[in-house]
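A single chain comes next, written as structure tokens; it is the form predicted on its own.
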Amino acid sequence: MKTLAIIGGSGLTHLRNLSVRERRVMRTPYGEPSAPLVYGTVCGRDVIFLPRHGHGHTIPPHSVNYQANMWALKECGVTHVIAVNAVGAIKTALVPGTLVIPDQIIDYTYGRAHTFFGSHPEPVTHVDFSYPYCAALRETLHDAAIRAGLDVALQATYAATQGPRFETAAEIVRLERDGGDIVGMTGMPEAALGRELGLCYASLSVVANYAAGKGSGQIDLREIEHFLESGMARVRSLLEFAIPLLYDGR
């Protein structure tokens, strides 16, 4: 039986098309999640929503309790996770407002609790992370985008950085040289923790700006807000097609 969770990032602190049934406060061995889990329905299908940065967007990327978030979702019976991420474009063809379904990730974060298997007496455990996102869920998102008439970019590599500051232009040159196409601050360790828990996890990323040195000047927070607003409207439209596809099949 499938149960879907949507993790909202910057620009998506709530789902406007979610009919809320209840909010549930969770406790985990790793502390409290970012916010109470919101139970409801979208298009008549059950969905759990969790705002990654808290309901008031008060938790910065490096301080998110990713372990508690993912553990709580697993404990609630979640099998599939669509993670919404705001990102910057390293590849300039990805103009602000573009929706991206990345297929690879490079982790540049540090100091974050990045595994459930990192302390005694847990046995040494390795998980395959060659392809970090669930192929089946990525395909569902792509199919939903086609049905919604939305263009999406596929086969993009997400460069996960520490934040909360934006990167320098030189750092973006390095990330591009490493193969990064988009850059964000919340992609890891969330994806890896989801893999350790056996969740089918995929990212739906919204390009909010050009990365440092890729635009015409400095990063403008007002422009980011503008493109996040329009991009998240497209995310909501896509989800209205993706959720029935996930639960009911093609």
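One-based numbering along the sequence shown. All values derive from a computational prediction rather than experimental measurement.
One more form of this protein exists, namely the form predicted in complex with hypoxanthine (HPA); it is left out here, but the text below deals with it.
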| item | value |
| --- | --- |
| Met70: touches hypoxanthine (HPA) in the predicted bound form, heavy atom cutoff 4.5 angstroms | no |
| Partner proximity in the predicted bound form: Phe116 to hypoxanthine (HPA), non-hydrogen atom cutoff 4.5 Å | no |
| Proximity of Ser34 to hypoxanthine (HPA) in the predicted bound form, heavy atoms at 4.5 Å | no |
| Contact flag, Ala86 vs hypoxanthine (HPA) in the predicted bound form, heavy atom cut 4.5 Å | yes |
| Residue stretch of 52-60, 24-32, 196-204, 183-191 approaching hypoxanthine (HPA) in the predicted bound form, non-hydrogen atom distance within 4.5 Å | 183-191 |
| Stretch 158-172: residues contacting hypoxanthine (HPA) in the predicted bound form, 4.5 Å heavy atom cut-off | Thr161, Phe166, Glu167 |
